[in-house]
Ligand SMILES: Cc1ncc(COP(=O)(O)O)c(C=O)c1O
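A single chain comes next, written as structure tokens; it is the form predicted on its own.
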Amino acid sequence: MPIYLDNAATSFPKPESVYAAIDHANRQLAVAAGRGRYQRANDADRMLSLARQAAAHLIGAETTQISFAFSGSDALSTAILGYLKPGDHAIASAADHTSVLRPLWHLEQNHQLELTVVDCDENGFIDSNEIKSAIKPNTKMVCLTHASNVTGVIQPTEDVGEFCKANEIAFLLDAAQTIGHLKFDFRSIDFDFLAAPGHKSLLGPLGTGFLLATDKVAEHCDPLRFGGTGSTGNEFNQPTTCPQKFESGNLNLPGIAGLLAGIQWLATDEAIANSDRTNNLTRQLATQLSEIEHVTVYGLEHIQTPTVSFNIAGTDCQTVGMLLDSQFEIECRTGLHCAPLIHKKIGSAEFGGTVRFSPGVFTTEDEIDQAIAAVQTIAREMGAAIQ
């Protein structure tokens, strides 16, 4: 059985309750929610309401502020493309994912957006003072990832959020690498938008996610999609109230049912115990990898999420990943991790990116031991070749 260490991309496996919820929804609830008044449609609506409440509770939001999306990227695009207008200025960072950078680059190239990308340090950390110094009179939005998906470093989101609030600038928080990790309290961050995938640490299936938009910014954010919403069907204009404003078309009912089950599982004693174990295993993994000759672990002293990036001297990361898969049945991520700007600063560009191990709540200590031993073997062989 392969060892799966790519949970930062998507969690696997899911809790059994998630699989059961998806199967139940496919067999019993997969009707057009919000379009009918028969009992099964009402049951589907009730499930959606429960899922919306569960997502809102995670981040201290109002239920109506939660709009379901098809991924974290979908949610980010809705916020960025919907809120920013020609002549606006936006700020992002070198630690951000292309799900943030690409819509911003698109607006810069095609719709007269001014864009500033703030650099990071050698650990992938963004200095909040650099963001504050980049503010202009026309700054409309600051985008920042909560944690780097390359180095696992937590960004100064509380300071940035407080500054943006004081200066009436919309703050978009990309929570892809932190939502679902139990040690993070989102209520302490002043965000206006929060984008979250459902399939990572929330343990839902692929094809799910949500966008939080506070009332202040939702009013000025155009929808990404237009069409049927199951309400105000006699009007030509898109609804202006949330969540219907951002939820055109039939929602992914089976996926959202699985997402609800994933969020509910996070409150169980098993989930809390597994989360603590995952954090301990991550520290063990990072520390022991760093002790291997020829291995460099990035951001070692600053890792705060289950994300460990490394390289082996003289070897590109793709080769290491291929060897881990073919010789040791270890599944991990290699390359730029859709965060192309960070690698020059952390020193991984010459390797083509990094090898990334990301444990999950079901990763075992034995699997971590096997992964460390595999890297030791590869590093020893590659080191001998270098010498």
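In this text, residue numbers run from 1 along the sequence as written. Because the structure is a prediction, the values reported are computed rather than measured.
This protein has a second form, the form predicted in complex with this ligand, left out of what is shown; the following refers to that one.
Trainee: On the criterion of a non-hydrogen atom at 4.5 angstroms or closer, are 296, 311 and 376 all touching this ligand in the model of the complex?
Mentor: No.
Trainee: Let me know the one among 76, 257, 203, 142 whose heavy atoms come within 4.5 Å of this ligand in the model of the complex, would you?
Mentor: The option sitting close enough to the partner is 76.
Trainee: Just one of 176, 153, 289, 90 has a heavy atom within 4.5 angstroms of this ligand in the model of the complex, so which one?
Mentor: Spelling it out, the residue with a heavy atom inside the cut-off is 176.
Trainee: Determine whether any heavy atom of residue 72 comes within 4.5 Å of a heavy atom of this ligand in the model of the complex, and answer yes or no.
Mentor: Yes - in the model of the complex, heavy atoms of residue 72 and this ligand come within 4.5 Å of each other.
Trainee: Heavy atoms within 4.5 Å of this ligand in the model of the complex: does residue 149 have any?
Mentor: The answer is yes: residue 149 has a heavy atom within 4.5 Å of this ligand.
Trainee: Can you check whether residue 99 is within 4.5 Å of this ligand in the model of the complex, heavy atom basis?
Mentor: Yes.
Trainee: Find out whether any non-hydrogen atom of residue 5 is located within 4.5 angstroms of this ligand in the model of the complex, and reply yes or no.
Mentor: Outside the cut-off, so no.
Trainee: Any idea which of 264-272, 296-304, 121-129, 168-176 reaches within 4.5 Å of this ligand in the model of the complex, heavy atoms considered?
Mentor: Contact-bearing stretch, as computed: 168-176.
Trainee: Which residues within 291-319 place at least one heavy atom within 4.5 Å of this ligand in the model of the complex?
Mentor: Going through 291-319 in order - heavy atoms within 4.5 Å of this ligand in the model of the complex - there are no hits.
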